[in-house]
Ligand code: SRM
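Only one chain is shown below, in structure tokens, and it's the form predicted alone.
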């Protein structure tokens, strides 16, 4: 690890002091008078897949502390038994909803401290985990969810599992706290001097994201990850991966030193080297990432400032490999296949649109109940979470398709037309009321805004025009706004920064079009822009491509 100039952040200090990441979490769990964890323990909790939050809708009457718990589900694949367990846990300990994340995971919201221990233990009993779902470590590893394109997906998924296991932190504090229910003795030299064999004593400077994808589909926005493996498939056989390094979308308002960045594709490697290369890239972040400024601590800044050639040489040195030149590939789109389709093995699968990832029951659409019943009646099915916050019901025998379809329709899900094109392509982060970083609404607000924009487009003679629209409550970029064709990034209550010019394939960043727009003025601001698009677009040209060509003078993707 290179010597850092400047004062280390508080997070670095506490990681060095308690390298097991145990803190006093177990002691607080056993304290019947406690309603929250200490500020330091709240940082350690993130490594265990847990965020301490409060319900911001209730702040006027005092803080009500709650917790968000995120599962680590490599590749987003769950058995029906695991789904039933998660469904039950959401009712028992959460707010009766499950939220699919952009990293193929599930979050529980509204968890009280009294239910935290039993919830996390039950997740582990379901043979899943929350370890490293958050924190300064490698997060949930992504894999292509859609079974319609190539048999090579199974080989890619196997590599995803290998990398997820290899990059998992090894502290025994997780098992001690959540399975055994004991507080580690922090003065015991075994714990005080613990050094993770991969991460070292202080882990990474910030989070690290890894994913796998199979062209031409980029349904995981792979270039937004720190580390991406782009599968090269020939005659249904996986021959290797193009390596992408240095992506990341987080930024801060008013801080020009922070910015979104797409990963560079730096070489090609054979499948058997994925673990060695993954460790090499991760340890570059470990050793060179900025530990004095968490806003400047992601791997993307190392790659940007040291250069692609340096990065490639460092990967080759650490992995003991000579990367070949990247193989040709092309991305066409980032969307999921919704509705019924045939998989490459002859089974059927159903792509279920989940607006902003929130699975719950409402009077007109009882989605949570439908999925629970499907998991119980068809135990041979597989649940796959997508990076677009949807759910795929996979491995459906042709003989069961009609029954599954009927069950969905009986619960209010229109299996023929689940959403309009604008709603189907939209995505938002959680934001208010639970996220402490949110400056404005996102999940609760975007559906209504989409309705308004659909009406505006129809008035302009552009009905059913697909535009990838994303909204976040702050600039951190959790819903990947900076690759969208049109994005709203929260700046204050009811005020958004507007970005335009991303593309459908996830290979181009957008740019700021308006620094601040009031929510009530969005239609007035966008009307002339959409009118120009209608008049100036080339045949078949999408809104994002038009904006990049006309507004930013960028070449077509």
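All figures in this text were calculated on a predicted structure; none of them were measured in a lab. Residue numbers count along the first chain shown, from 1.
Unshown form predicted together with ligand SRM; subsequent notes refer to it.
The closest heavy atom approach of residue 298 to ligand SRM in the predicted complex falls within 4.5 Å. Of the heavy atoms in residue 430, some are within 4.5 Å of ligand SRM in the predicted complex.
Residue contact check for residue 508: none of its heavy atoms lie within 4.5 Å of ligand SRM in the predicted complex. Taking non-hydrogen atoms only, residue 248 approaches ligand SRM to within 4.5 angstroms in the predicted complex.
The candidate stretches are 407 to 415, 87 to 95, 470 to 478, 339 to 347, and the one lying within 4.5 Å of ligand SRM in the predicted complex by heavy atoms is 470 to 478. Checked against ligand SRM in the predicted complex, the candidates 421, 265, 158, 437 yield a single residue with a heavy atom inside 4.5 Å, and that residue is 437.
This chain lacks the partner; the member of 102, 334, 80, 130 within 4.5 angstroms of ligand SRM in the predicted complex by a non-hydrogen atom is 102. Counting a residue when any of its non-hydrogen atoms is within 4.5 Å of ligand SRM in the predicted complex, the hits in 189 to 213 run 206, 207, 209.
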